[in-house]
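To begin, one chain is listed below as structure tokens, in the form predicted on its own.
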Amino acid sequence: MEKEINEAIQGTATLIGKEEKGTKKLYLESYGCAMNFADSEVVASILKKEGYSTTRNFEEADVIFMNTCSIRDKAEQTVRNRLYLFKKLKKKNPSLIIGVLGCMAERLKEALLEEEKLVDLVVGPDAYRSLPQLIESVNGGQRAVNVLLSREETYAEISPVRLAESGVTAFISITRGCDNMCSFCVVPFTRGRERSRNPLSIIAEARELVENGYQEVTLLGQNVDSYRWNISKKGEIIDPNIPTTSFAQLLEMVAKVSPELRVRFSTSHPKDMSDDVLHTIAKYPNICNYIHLPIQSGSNKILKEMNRNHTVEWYLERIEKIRKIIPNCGISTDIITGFCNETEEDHKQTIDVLNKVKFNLAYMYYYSERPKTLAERKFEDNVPLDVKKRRLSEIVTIQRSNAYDLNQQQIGKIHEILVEGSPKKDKNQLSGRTSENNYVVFPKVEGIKPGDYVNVKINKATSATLIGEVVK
């Protein structure tokens, strides 16, 4: 069974937790964005207090949870296939509890619980505190569900169980939910309204990570730039007795935790990317020179229908300002091809933006209509699938060429790399990333281990990887 399950998830963005000692066994799989993986660490922390420890072997698990993504239809189909395979395991072990967490929970709770009977438990992103009670209900013979959304930060004081094996990098959630209402996106309906976390709890978590030997943190949110503490959406102070904190100020506070702690963040929205944030990045050497700034389309017409609340011109101005304030900053983006009513001219405009900006990295997809979104209600999904795929292929080809050219420019240069581990395909190599988020591989050197900073001279490059050697 393990072979067929592994084949079923080949090529998916799946993260499985490390193994720890304990009495009852919890097996977690996380799909989709980094926020889901961070949430899985919160789940592991909540259940650790109930006597559960994580395992990497699903066949020995007492509870199997899949933390799911609803952004694209393919992700949902992958999770469904996985659940059918886990259902076979349940026939051998009737006491096994199978649950779906995250973004698929609210949308598909009836189908998963009642119609297809694939799971025992369905829990939304804001309801993980109720997991012990819901597991107890399942053990009592009932199916359990909690998909209620909160208007408050839900897990601020919980210290996550870190599931990444390297012990070098970690996530810190700083906001939850989203208010942007992009017409293609289901996140506001699955994760609720936007709310920010108390900055003091964020700094405390960062300090704890440093004390435990972590060398890098990534501040997470659906839109980190809209982080605000004690500040209303109109920019007004809510409570005059409490200090206000913007995202730029929070970024500075985290950078000051330790000069040895690398700081990253994701994801940004072009309409909220302020000069203050850029100047803060430039001021602190330990804030990585890398920004993920999704544009989605190079057509103003499509951006308007996507409800992105910015224009191509505004986006390009932000790119220009980034490169002025932070020279050599690594920039990545998201692109959706084949959105409703997209013409060949719209597609050409997206290609023009790719060639103007020359992104270091891009996450590229063709449009997949999601239920309950504004686009589903307002527009017809009228671009044929073969056209979507052809346009995506053209975008991918151009992006790879641009990334290859950019990486070739790194040959001969020396970069400081934070060693994260070894590539999956070659344990005789080590790997890590530059401040600009370039992925680098190099031969192992005696005495160098994950968590170390090393200088690597780049000798070769592909469109995705820099290849080098350690130098003194």
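Sequential numbering from 1, following the sequence displayed. This structure is a prediction, so every number in the text was calculated from the model and none was measured.
Keep in mind that the form predicted in complex with a small molecule is missing from the display, and what follows is about it.
- Proximity to the small molecule in the predicted complex, defined as a heavy atom within 4.5 Å, singles out one entry of S150, Q222, S332, Q399, which is Q222.
- Out of the listed residues V277, I336, I202, V100, I336 is the one that sits within 4.5 Å of the small molecule in the predicted complex by at least one heavy atom.
- Across the options 359-367, 91-99, 111-119, 78-86, residues that bring heavy atoms within 4.5 Å of the small molecule in the predicted complex belong to 359-367.
- Using a 4.5 angstroms threshold between heavy atoms, I71 counts as touching the small molecule in the predicted complex.
- Mapping the unseen interface onto this chain, P294 counts among the residues with a heavy atom inside 4.5 Å of the small molecule in the predicted complex.
- The closest non-hydrogen atom of F184 lies within 4.5 Å of the small molecule in the predicted complex.
- Interface membership of H310, defined by any non-hydrogen atom within 4.5 Å of the small molecule in the predicted complex, is ruled out.
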